[in-house]
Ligand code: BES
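Read the single chain below, which is given as structure tokens and is the form predicted alone.
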């Protein structure tokens, strides 16, 4: 899908030939004297159209516009949230196989955040997964023109938004693929293809022998229950001087999670293909970086395997030794994400990072706490937590900081190892983060629990591509600083 931004008035936007014209009208709209702008003003004055976000009025082939269909959509105060609401409602009313070219016209000056929200909303509303369908009905929309009177001032925000969409859609693609079409080996090939296509990105893939040589006993323990070989993927984006410390992103890459011997209930177990959405988000971030080319160094680490159960599968009560040398009693094999992450977090030390952020669909407890609105944010570093929170707000990819009091880690004590991998149900998202914290003493660290935000269930089941937007915003802010 191609996006374009032009400095057009509402009258000029109405002369663009297209399948649908969405007119985005804020509360502050003041109609002009030309015919089309006056028509919009009369519709609002008569009460047929409203500026309240999400309210729409549809017109079919009006004489004053070149579009087959025109939708007057309210966007309230013009904020990013209300623009998304208005576009979602308008796009739903015109979505069809005939929709190939779309014009989004801001009825007045737009803000950076509003333009970014508009690009994201159109991409999200028109997205269609097709990879494993025999007769795919893919996205027909191939051209989107955004217009605003102050378009020249919005170019930077527009370019960033388009790049983020590219990354989000790559994350959606790999999140949505069934587990047999997204094995650790296939995920590694996707990372290698990304690096081959973009000059500033390099990729190294480690297999079971290399991982064993590194002493990643926790990661190996999870992988040993599957016939699919594990892959440890190391991506590097080099946009700054070689000596500049990188930011490291660690994405949980469990391509299917049965729970192992601590098996999950059968209902909705198919959704455990989404347990690699942390890994998918890292791929998505690198796709966006390739387009934006910021002056920063970034490393992406993806420990990827399946969590299945065979005669070799790890058992409750088994004790393994992590790469850090710390021993772990595995009381629950369904708490496998933290086992693969802890070895990747230790591996991250070699890069002497400025910060490390891990991203994982880690706990159902985080879903109970925050639902699907905000990702859980855990960090003992106040500056890092503040920067990630601010990035989430700017990107409309929200997170919420959770506590990390020492008392939450008490339940990880065990008589048989340095720690257990679970600490009971109460405060489960926090105790999981406390477990990870034990492997992060050498650098500023944050953990994003995206179990509630990485995918949607029900009729709209599918990956969301979160938190690509948040992470890209954070990295660009660091590059700017």
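Numbering follows the first chain given and starts at 1. Predicted model, so just to flag it, every value in this text is computed and none were measured.
Only in words, not in the display: the form predicted in complex with the named molecule, which the text now covers.
The named molecule in the model of the complex is approached by residue 275, whose closest heavy atom lies within 4.5 angstroms of it. Shown alone here, residue 334 lies within 4.5 Å of the named molecule in the model of the complex, counting heavy atoms only.
At the 4.5 Å threshold, heavy atoms of residue 362 reach the named molecule in the model of the complex. The named molecule in the model of the complex comes within 4.5 Å of no heavy atom belonging to residue 439. Contact with the named molecule in the model of the complex, defined as any heavy atom within 4.5 Å, is confined among 379-387, 326-334, 175-183, 286-294 to 326-334. A heavy atom within 4.5 Å of the named molecule in the model of the complex is found for exactly one of 231, 338, 160, 84: 338. Proximity to the named molecule in the model of the complex, defined as a heavy atom within 4.5 Å, singles out one entry of 430, 422, 53, 67, which is 422. Residues from 165-182 do not approach the named molecule in the model of the complex: none has a non-hydrogen atom within 4.5 Å of it.
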